[in-house]
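A lone chain, given as structure tokens: the form predicted on its own.
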């Protein structure tokens, strides 16, 4: 019986060649390949600045830290959605702030702005909407609130590279700063890595300095301020450059995989899909299910390894003080019932059909 893993990356000879080129060039620290990747990202997303860092958590940290320093705030809060990977909140704490949690929309799992305004205080400096697995947060509504209260929007687009909103804007390019992930289960990967983008010169310079010991470049030997060592490296950049050439075909693949699952499972009443809007790219196949634990066990017995949704932030011990399942009913419901079915570049169409058949078989029983 073939083992079907949840999400696996795939690398080809193109990636192998460019990585070997870097090894032969003997420049494995951050250098020309990292700069090449940054320029490609800028051109693709049509932004002024892209900065590559160690991972997306570090990217969010740098964006929040820059915002707090520009605003000269030491005790501050940043609003985050309850349904997200822990890193969204962790990045705020790294920067010295307090993450404040709000519930999410039942339609797509993104931040519910109707609940957000009540959470704004005099200490709030920013909002981090998460574009959940490629689905767009309500950026129009968030921008109105941000303008009203003078808040900075930092987009967590970790799983949304290549996705657009209904206005045709790339997610991650609408707020002051956007952050993407190059982690192994993303649309393209270098194992780890984070992409920070902005059109704001002040934030670009501040983030750039914070990322590299307070310098704008390694040619600047007198450091203007204290910073961190969160630079990238050319070995990883080479891998990402090879993957980057596959971005458009990967987008097409993810849409086709989602459509196949939807077609094969649409008559299974125990399974429901989140709506997908025009321009959005579904990074993973997340579905709401009944009897999720039993379904996961049944799939595992058939060598299918699906994955349960993240626990909502308030379910994690560091953030239990912010509320409970009654405080955040929608995030709780999604977190307790959503399942990520296997997808990604390692899966063929027949693999997806096999998974769908086993899901149907489980509910028939």
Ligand SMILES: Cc1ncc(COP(=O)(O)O)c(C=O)c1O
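Since we're looking at a predicted model, the values are computed, not measured. Numbering follows the first chain given and starts at 1.
We do not show the form predicted in complex with the named molecule, though everything after this point is about it.
This chain lacks the partner; the member of 287, 87, 95, 146 within 4.5 angstroms of the named molecule in the predicted complex by a non-hydrogen atom is 87. Site annotation in the predicted complex: the residue of 126, 193, 175, 109 reaching within 4.5 Å of the named molecule with a heavy atom is 193. Not displayed here, the named molecule is approached by residue 56 to within 4.5 Å at the level of heavy atoms in the predicted complex. The closest non-hydrogen atom of residue 198 lies beyond 4.5 Å of the named molecule in the predicted complex. Within 4.5 Å of any heavy atom of the named molecule in the predicted complex lies no heavy atom of residue 305.
Within 4.5 Å of some heavy atom of the named molecule in the predicted complex lies at least one heavy atom of residue 156. For the named molecule in the predicted complex, the listed stretch (220-228, 252-260, 175-183, 71-79) containing residues with heavy atoms inside 4.5 Å is 175-183. Contacts between stretch 297-333 and the named molecule, counted in the predicted complex as any heavy atom lying within 4.5 Å, involve 310 alone.
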